[in-house]
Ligand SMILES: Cc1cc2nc3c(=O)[nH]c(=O)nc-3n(C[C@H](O)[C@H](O)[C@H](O)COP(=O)(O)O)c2cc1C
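Before any questions on binding or motion, here is one chain by itself as structure tokens, the form predicted on its own.
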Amino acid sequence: MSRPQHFGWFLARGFGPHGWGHPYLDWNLRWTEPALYQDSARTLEQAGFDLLIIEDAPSLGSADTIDLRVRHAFGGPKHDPLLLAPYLFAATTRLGVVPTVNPAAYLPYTAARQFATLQHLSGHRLGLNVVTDTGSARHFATAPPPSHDGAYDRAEEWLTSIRALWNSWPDDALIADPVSGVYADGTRLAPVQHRGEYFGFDGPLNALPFTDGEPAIVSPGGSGRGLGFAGANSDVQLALAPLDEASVRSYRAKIHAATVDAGRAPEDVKIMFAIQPVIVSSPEEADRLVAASRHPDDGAVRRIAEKHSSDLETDLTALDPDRPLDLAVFGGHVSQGSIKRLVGAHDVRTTPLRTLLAAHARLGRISDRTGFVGTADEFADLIEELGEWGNDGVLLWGDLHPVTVHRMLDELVPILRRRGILRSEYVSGGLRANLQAF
């Protein structure tokens, strides 16, 4: 019997036009209505998933490149994931829901009150994916934006001050005694007077304490400062790394070291690697798809260019594909991580842009660990191997359209359950309790 792991779904491209650019758009499910997401959330819960993380970027990016973001709906439009959460909670009873939140967009007192409300109403199933995107600064009167590390400093102050508000009601402040007629003892409330570098406010919070713990905190950062933030604050680390043993163990060691440095235990943070598999019916079908991707046509290369143009806020389709990419075309606001994902291991000084783009169109086989195309059994083998290296869990990556969810899970879930990797039952106590169950 294999060791159990935690499973989650990362709703990529956010709460936006699901199905756009795919044939299953003609299922006619409306992305602006909750039924689409509720149906998929119920499936994830039936599958035994711990959590659903909803990606978000509140900005369409630079005013000069908005068309690149919306032309193919890669970067927008989007709705606010925090407001989708109540609909998903109403459709489920066990699944954790984790909207993405940016400290720049939520003042601490308002955030603490809203998050506390959702935590109570959901049965303690709320999580918060805390991101430090600085590209949205102009929307929130915080220009000029903070530096990379400064954004983490702001997030740390934001989260610490929210937790102080949550803790402004000690357990013994709530009396709720009908005989005496006393509901609460206000003398026991902590005043909370916060005066920080980024925020200032007074408490206490007008909300009750939690019975099953605070909302779970998720973070995606991979920089030194991001890992430090995760070590001090996070319950789940959204991990992106090559899935070979050395890389997985090295990444986990960095997170665990940061956790210990923050005075916490390594097991306090569940590290979950994000993977987007292509599950097919047979090894022969997998081989066919991989072979067909080795020589992508101009249409496939252009689609890759359009996607990266959105991420990089730079029109790659206007560049000469047969010349090396000049990194000077990217503005200072462009994420260095996005540039590195485009370039990969190539020498950007000599490699034509077409080669960089074509590399992203090529697929690899799960069976030989060159990629993520394979059968459900082969993918289960990979997850089982990750468990042998101490892995805590996996985040499957895709939109939340029922076609996507069923295509990935219909065969996979029974195999994972038979191997003892995927839970069959939840524990009581909400998201945090299920994350700490093993």
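Residue positions are given as counts along the sequence shown, with the first one as 1. Computed from a predicted structure; not experimentally measured.
What comes next is about the form predicted in complex with the ligand, which is not displayed.
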### Query
In terms of non-hydrogen atoms within 4.5 angstroms, which of the given stretches 322-330, 67-75, 306-314, 216-224 touches the ligand in the model of the complex?
216-224
### Message
Is residue 133 part of the interface with the ligand in the model of the complex - any heavy atom within 4.5 Å?
### Response
yes
### Contact label in the model of the complex: residue 378 to the ligand, heavy atom within 4.5 Å
no
### residue 121, heavy atom within 4.5 angstroms of the ligand in the model of the complex
no
### Query
Does the 4.5 Å heavy atom contact test between residue 259 and the ligand in the model of the complex come out positive?
no
### Message
To verify the annotation, which of these, 79, 148, 138, 346, has a non-hydrogen atom within 4.5 Å of the ligand in the model of the complex?
### Response
148
#### Entry: Among the candidates 182, 83, 190, 240, the residue which, in the model of the complex, approaches the ligand to within 4.5 Å (heavy atoms)
240
### Message
Given a 4.5 Å distance limit between heavy atoms, list every residue of 152-167 close to the ligand in the model of the complex, or none if there are none.
### Response
152
